[in-house]
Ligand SMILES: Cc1cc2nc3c(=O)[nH]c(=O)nc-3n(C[C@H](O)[C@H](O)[C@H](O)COP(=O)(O)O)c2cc1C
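Coming up is one lone chain in structure tokens, specifically the form predicted alone.
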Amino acid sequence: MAEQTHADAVLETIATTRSIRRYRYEDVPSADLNKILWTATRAPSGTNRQPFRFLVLRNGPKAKQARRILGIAFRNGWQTKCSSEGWTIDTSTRGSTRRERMLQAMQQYVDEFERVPVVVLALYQRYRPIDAMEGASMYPACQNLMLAARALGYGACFSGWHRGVATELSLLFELPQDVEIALTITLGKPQGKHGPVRRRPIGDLVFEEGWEKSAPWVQDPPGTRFTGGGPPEARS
């Protein structure tokens, strides 16, 4: 019974880990940050090379400078995305729909980026020429970080909007030439709360014996909530 309860708790943590972009502006204790990053570094990687590294930005002078650089990059990235995809925020509705709440949360996220409690640069140290599969040894560690944060009552969010300023950040932190900034991860106590994530039905995503061939044993658990966002083909 205890083992089953533990398994259920792990699965519940996974099923309720969503991207958190609104944070309480309070420090993350070093002990908690250590647990989160220790868990991240336990992730599997190709031939156990562990090419991932994590550069933590808190309150040091270089961290503050990097946050300013990243803040500008994130605001530019969000503005470009809104323009290219035709997203507008209607402030008069006060977030009456999930989509509007998501847009408003994103706007707050980029506007107040410099105040995020912890920013982590997930680094990838190359050991072979660039190829399409190199992220396979990077992203499990980042997902471990997000799950550990959730388990301890924190929230995290991944982004690639650092790419436009990656060279500037690399120079600031004197990163070796073989080290790539793979992701920017923000971390802190959520202003809101975690909850069941909304995704496409499992039958849309899991096949057997061929492309889009449904499997009779595949079904969503009772109470599963489905997405209304994302690109048109991802909406239910």
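Note that the structure is a prediction, hence the values are computed from the model and not measured. Note that residue numbering begins at 1 and tracks the sequence as displayed.
The same protein also exists as the form predicted together with the ligand; that form is not shown, yet it is the one meant from here on.
- By the criterion of a heavy atom within 4.5 Å, L172 is excluded from the residues contacting the ligand in the predicted bound form.
- Shown alone here, V206 lies farther than 4.5 Å from the ligand in the predicted bound form, counting heavy atoms only.
- When the ligand is considered in the predicted bound form, G153 lies well away from it, no heavy atom lying within 4.5 Å.
- Contact check for R67: every heavy atom lies farther than 4.5 Å from the ligand in the predicted bound form.
- Contact with the ligand in the predicted bound form, defined as any heavy atom within 4.5 Å, is confined among 28-36, 55-63, 196-204, 42-50 to 196-204.
- If you check the ligand in the predicted bound form, you find no heavy atom from any of R22, P117 and V119 within 4.5 Å.
- Residues C157, F158, S159, G160, W161 of 148-175 are found to place at least one heavy atom within 4.5 Å of the ligand in the predicted bound form.
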